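Okay, so we've got the same protein chain twice, two forms, each given alone as structure tokens, structure 1 and structure 2.
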Structure 1
Amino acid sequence: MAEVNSRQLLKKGAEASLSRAERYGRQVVIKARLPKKYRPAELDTSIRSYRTVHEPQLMNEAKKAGVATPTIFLVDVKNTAVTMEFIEGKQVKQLLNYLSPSEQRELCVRVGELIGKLHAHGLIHGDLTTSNMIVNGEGKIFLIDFGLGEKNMELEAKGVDLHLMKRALQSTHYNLAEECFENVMKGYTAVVGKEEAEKVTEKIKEIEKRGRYITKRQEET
């Protein structure tokens, strides 16, 4: 009980509430996915349990791929809560607009390298935004928030993942978006190789062009 009381609300996002606490003598973050009243309870429970179980799995896999993620301490499926290491640092979102052009470039290239490492290992992050990247005191980048991720080797999944990165840049860093994404792709290319990067780039273009209408069922597949 004392532990519960010492929890400190860090952030109440759209999906989860995050609080900071001390456990096992270290600083941790408890990410609890809250019930959503708007959707049927059955559907709500299955979505939250699924994400609660998958997020830590993918975070561990990401570590193996050489991408830093917070260490997971506890997965509480019943309460759809995950306890993980607290990363002292700043979100890339908070940093980006205040960096010099060359620092911006460097940071984006490094982000691209991390995405490349994930993809090369068949990991799709699923929610690549600048809020889901934390830079710690030593300048190391941690990726978080893998709840929408999956294991998938297909070109389509990689293309969508990067397309979402681009979209996130466009909606929060409108003026920098284009250049930032170019640099992300530079870092990505350095890791996955030119040939693969070109294929993914083509795929992104195709995704962007996709029609929003289907007139007959057959035309969809």
Structure 2
Amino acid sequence: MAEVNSRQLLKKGAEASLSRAERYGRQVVIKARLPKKYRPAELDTSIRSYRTVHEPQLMNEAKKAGVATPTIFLVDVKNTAVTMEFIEGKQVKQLLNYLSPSEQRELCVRVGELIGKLHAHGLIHGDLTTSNMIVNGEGKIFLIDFGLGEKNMELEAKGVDLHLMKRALQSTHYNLAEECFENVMKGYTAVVGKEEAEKVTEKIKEIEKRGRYITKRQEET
């Protein structure tokens, strides 16, 4: 990867490190999956290689579904790294608390529409948080980090995806969470239809009940 220079570490997570760099005069992000010493070496290599290939495939499928994602420039399976477009903009996490109520509603509805497009095409993001959504200078929303994503049409998977979104809003934007999630679901319903949205909403409630039950049992033991 000699064509890449001036790397700057942006984030080092549990699964991968993200670095900003320049490649052929273009700003890019390099996502490199880190070895896990607790896994047998052969298994670790297999898992990281699979995810390195799988994530760009999901991002490409998301584009086909009408959801903006960073353009992939290079998939380096040997080094379990992906080089992709650097999106200049701000995370929804950084923006949401500082928008007017009407702007918050509009943004959350648009986020819901994007999630609806993913689910309608059998795509699960796997980590729907406001940190994984970037708004560029033209107001376009990009979804990033499909590392935990999958292809799945099951109601359970859709419910879990949106439950994670709801939890993320509650933890990061707790004073806005209820209204924001309602607007996310409005956008979602506009894409998938009322009947499907109602089924997913019931599944979210079921997942929440399961969580409360488990918490209660843990407190009792």
Ligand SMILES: Nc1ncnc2c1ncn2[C@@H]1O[C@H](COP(=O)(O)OP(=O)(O)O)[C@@H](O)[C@H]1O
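Here the rigid core means the biggest group of C-alpha atoms that line up within 1.5 Å when the two forms are laid on top of each other. Nothing here was measured: the structure is a model prediction, and the numbers come from that model. Residues are numbered by position in structure 1's sequence, first residue being 1.
Q) Pick one: which is the form predicted on its own? A) That would be structure 2, which is the form predicted on its own.
Q | Did residue 12 shift 2 Å or more between the two structures, C-alpha, core superposed | A | Residue 12: C-alpha displaced by 2 Å or more between the two structures.
(Q) Does residue 173 shift between the two structures by 2 angstroms or more at the C-alpha, the core having been superposed? (A) No, because once the rigid core is superposed, the C-alpha of residue 173 moves less than 2 Å between the two structures.
Q. Comparing between the two structures on the rigid core: C-alpha of residue 163 shifted by 2 Å or more?
A. Comparing the forms between the two structures, which are aligned on their rigid core, residue 163 does not shift its C-alpha by 2 Å or more.
Q: Give me the C-alpha shift of residue 42 between the two structures, core superposed, in Å.
A: A shift of 5.8 Å.
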